[in-house]
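Read the single chain below, which is given as structure tokens and is the form predicted on its own.
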Amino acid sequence: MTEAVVDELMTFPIFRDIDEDRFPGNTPLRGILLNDTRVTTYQPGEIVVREGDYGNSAFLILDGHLRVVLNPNLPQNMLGRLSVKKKGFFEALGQLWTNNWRPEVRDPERYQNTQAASSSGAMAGVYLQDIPAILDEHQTAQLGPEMIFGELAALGRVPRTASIFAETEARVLEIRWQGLRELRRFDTTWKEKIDLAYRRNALHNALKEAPMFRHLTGEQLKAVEDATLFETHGAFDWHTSYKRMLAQGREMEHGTPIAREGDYPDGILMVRAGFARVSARIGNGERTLTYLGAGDVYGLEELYRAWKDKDDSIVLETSLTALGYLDILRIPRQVLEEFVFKEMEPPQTKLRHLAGNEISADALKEWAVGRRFINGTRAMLIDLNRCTRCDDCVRACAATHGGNPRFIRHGATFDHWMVANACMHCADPVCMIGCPTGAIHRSISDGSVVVNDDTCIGCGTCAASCPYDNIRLVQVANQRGEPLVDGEHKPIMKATKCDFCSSNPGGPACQRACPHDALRRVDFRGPDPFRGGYQ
């Protein structure tokens, strides 16, 4: 972004009408536009955002027109994603003899687009080839100048809900999450505009899907929505600061306190995105009881008892702290008493039960919270007491992926447990934020995080973002083992990681190959990942 472009932006009514004096000297409006935005010109058919992608920015159309695809969604191959096809029995068996002994061998014909993009220096985009056919076969809506979109993904840390492409040549202003935050903070018009859109869409969907509100009529749900506040805590790009803390040995430090033990419960807190730690005082310290993720509720037990027993002296029995980024809904007590408590069964006293566990049993939980493994839905957990270091798991992984293992049997350890450097297919996949081509995405079939090798341009954004160092960049070669290069003779790099054997029948080969049952893929969000496995 240049000063000349900022001058032009300031002529648009949406910026011209802002009172610049409301912005502090260290965060001027022009500084936000200069540092937290960029203007991109899209050609007809070029995809601007893809349904299912994660993003940290919102968009303002400066000129031209875009189209949002409403129904049905665009096919996955049109969005530049991998179409996963399960291998048959003989195809899977044949891998044992057909794998190349040279590392990371690829067919050079697959990378013509990559080479063209790299040699031109342009950011590779994905284009829709037949716009008239798409308009005939899909319900779409036109977006015009001065319209804003993408604020839900930017503020709520949720996947994009629709794909949008350029109908005509269009210039679009992309506003980073940080810039959007400052515009909301210092300009009431921007705050009202963004908050209205967020409340209309995200808040309504979150409350409508919550089991405790399903019995409400549309009018009653609207009353709950109007009274509910949404809050964000911590940094959107929490993985950046977390990696610094990890390097400094400060990973056990926790984030922003949201509610404290002993406080009066004025409402419940519903987690919409991110993670929070629930703890109780013990001596001069805090003991982790559990952690909450999307859809979980905090403070319900105490609030229900206060209403049922008509006892206003009941206070919160635990504390709540944000772990990294947290997006929560604060639903007031009066609303719950009017619409919810009369119809619901008494909530389970889960937290008090957890407080009765032996403190020694909490050590693994504290470790998993501190290392943020609670983000993993399919982490590779190895019992070192059982593991004989035979490497059958590594060989099985290599045999399934063309001779190239997709994980490293190395990782963080605690007692006799190791979480290996294999993709955990996170609940909050920060690696997907900022991928310029959408090559890294969630598989539609089973939710695994996978990389489309054909559309990956090797920029390394995903590898740099992964808080667990579970994504690697490799140089690819042809069948003769010669390095593939682009038009400028630079090596072609590709991101590789565990894909949970998404194309292989029978699930992850690493787990099936272990002769000692030492390796399991586990969901850290479960009640006790050190006892169970991934289901």
Partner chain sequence: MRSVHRATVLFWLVAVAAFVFLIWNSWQTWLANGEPAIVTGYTLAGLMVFLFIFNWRKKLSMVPLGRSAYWTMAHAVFGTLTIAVFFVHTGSFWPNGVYEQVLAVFFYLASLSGILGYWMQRVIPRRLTENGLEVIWERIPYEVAEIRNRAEAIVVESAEKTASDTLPRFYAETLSWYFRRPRYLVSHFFGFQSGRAFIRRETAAISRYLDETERGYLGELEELAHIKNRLDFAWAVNGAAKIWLLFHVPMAAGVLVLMVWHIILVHVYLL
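Numbering follows the first chain given and starts at 1. Note that this is a predicted model, so its numbers are computed, not measured.
In what follows, reference is made to the form predicted together with the partner chain, a form of this protein that is not presented.
- Listed residues 504, 56, 37, 496 were compared with the partner chain in the predicted complex; 504 is the one with a heavy atom within 4.5 Å.
- The listed set 220, 205, 100, 388 contains one residue whose heavy atoms approach the partner chain in the predicted complex to within 4.5 Å, identified as 388.
- Here the chain stands alone, but in the predicted complex its contact with the partner chain, taken as any heavy atom within 4.5 Å, falls in 389 to 397 among 276 to 284, 371 to 379, 174 to 182, 389 to 397.
- The partner chain in the predicted complex is approached by residue 517, whose closest heavy atom lies within 4.5 angstroms of it.
- By the criterion of a heavy atom within 4.5 Å, residue 18 is excluded from the residues contacting the partner chain in the predicted complex.
- Put simply, residue 384 is close to the partner chain in the predicted complex: some heavy atom of it is within 4.5 Å.
- Contact check for residue 408: a non-hydrogen atom falls within 4.5 Å of the partner chain in the predicted complex.
- Taken together, the three residues 89, 416 and 513 all lie with some non-hydrogen atom within 4.5 angstroms of the partner chain in the predicted complex.
- For the stretch 1 to 21, the set of residues having any non-hydrogen atom within 4.5 angstroms of the partner chain in the predicted complex is empty.
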